[in-house]
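Only one chain is included here, represented as structure tokens and corresponding to the form predicted alone.
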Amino acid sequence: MSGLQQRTLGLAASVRKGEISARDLTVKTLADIEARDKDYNCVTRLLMHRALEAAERVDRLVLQGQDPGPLAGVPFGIKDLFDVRGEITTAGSKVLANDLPATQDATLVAHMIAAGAIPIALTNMDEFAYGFATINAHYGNTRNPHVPERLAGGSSGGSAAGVAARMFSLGLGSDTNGSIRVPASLCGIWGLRATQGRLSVEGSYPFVPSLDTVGPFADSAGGLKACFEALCARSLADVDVGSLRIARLGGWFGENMSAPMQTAIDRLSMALGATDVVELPEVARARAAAFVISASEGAGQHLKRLRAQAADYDPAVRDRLLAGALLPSTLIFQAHRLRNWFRDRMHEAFAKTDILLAPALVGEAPRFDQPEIEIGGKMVSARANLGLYTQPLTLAGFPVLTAPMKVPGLPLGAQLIARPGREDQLFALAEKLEAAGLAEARLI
């Protein structure tokens, strides 16, 4: 076993007690990433100076008997669309490689450092966050630590794979259509797409401004909660997990699962007593609307640069952006109307339940040389359909926590969905699942 030997909360406790120094831990972590990342390609840049600076601050506070923060000494990876002072924010593209360095940290990066966490590295991603696979023409592909011949998922794949590989305990990502939920599931770790608007996106490079959401990855349910509390700079109230009403999403979310995913979701539903089934209407149209909004807004972000630097874009991303620029305004308007309608239906779905349960993906991570998977009896693009279950939920902006189910074989994740602002309920259920041995991060 390589990399970090303690999980987030235990690591922070050891640093706070002075049992290990944040600087020693940081030096070992940086060396470990340099030695092992060639196998996975999670990291695009190490933040040696900033990491050591933050670690020395934590150690100084410990020696002075002051509180270094709840995440003292815990290393975290940062998706390379968040500003880090002194670094160029590339958003996974050489198109931005000559931009000026950021003059200050993104809000979430600043909150993590204030909580004692150590900014250890910038992580790989799909170019401009437009993808589900972390296949990147500029910086290479991120490989799944469990089976390097398989996808890590995306677009926040570098952060997710780095946590799964024990390179860092926590990671920051963004989720527009599933970019936290997909890699968390494929890499077997905890992830949270927060309620839209609850966590600041200031200092992060936009993809689809009306849908973009940010959130953390973690090596444990408790670590995920502690990270979220640091990001929103407030503690969550305790929740009576026994009082939570849990139901299962059916219809669209009950079809097309692989046999292992079907078995895992059935087992989890049974363990939670989730016998009620809720069906959302017009899910296929909701997913189509998410595609339209993503393509049109994404294109709007890049038209000026495309006119000047089209050849510098990843060809696949460039073609998607150009196609989005050609969408008719009537179609975009209809997509936003459907979004508002679908959000109302989502609120209605919670009339008699607190948490909805759904699969995160159809099944396990596809191989790089596996371009197609079966959906509805047809062979379709694997990469384009990794968001089959995540993308429809994007429209409503509800919080979704990905729980790594404890299963044999390759990692599989479940989506836990709550009302807006009820991340506290999601964390209460996540910690229950972890304590019961029903969910656990799979680290190598």
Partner chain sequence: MTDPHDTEITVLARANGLTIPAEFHAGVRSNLELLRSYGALIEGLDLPDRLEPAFRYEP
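Keep in mind the model is a prediction, meaning the values are calculated, not measured. Numbering follows the first chain given and starts at 1.
Beyond the structure shown, there is the form predicted in complex with its partner chain, which is absent from this document and is the topic of what follows.
Asks: In the predicted complex, does residue 33 come within 4.5 Å of its partner chain, counting heavy atoms only?
Replies: Residue-level check for residue 33: no, no contact with its partner chain.
Asks: Please run the contact check for residue 102 against its partner chain in the predicted complex: heavy atoms, 4.5 angstroms, yes or no?
Replies: No, residue 102 is distant from the partner.
Asks: Answer yes if any heavy atom of residue 248 is within 4.5 Å of a heavy atom of its partner chain in the predicted complex; otherwise answer no.
Replies: Residue 248 lies outside the contact set for its partner chain.
Asks: Heavy atoms within 4.5 Å of its partner chain in the predicted complex: does residue 259 have any?
Replies: Contact check for residue 259: no, nothing within 4.5 Å of its partner chain in the predicted complex.
Asks: Of these, 111, 143, 166, 320, which has a heavy atom no more than 4.5 Å from its partner chain in the predicted complex?
Replies: In short, 320.
Asks: Please tell me which of 244, 325, 88, 147 lies within 4.5 Å of its partner chain in the predicted complex, judged by heavy atoms.
Replies: Contact with its partner chain in the predicted complex is made by 325 alone.
Asks: Heavy atoms within 4.5 Å of its partner chain in the predicted complex: which stretch in 357-365, 304-312, 234-242, 266-274 meets that?
Replies: Stretch with heavy atoms near the partner: 304-312.
Asks: Given its partner chain in the predicted complex, answer whether the residues 20, 57 and 64 all have a heavy atom inside 4.5 Å of it.
Replies: Not one of the three qualifies.
Asks: Need the contact residues for 282-318: heavy atom within 4.5 Å of its partner chain in the predicted complex, sequence order, or none if there are none.
Replies: Sequence-ordered list: 282, 284, 285, 287, 288, 289, 291, 292, 295, 303, 306, 307, 310, 311, 318.
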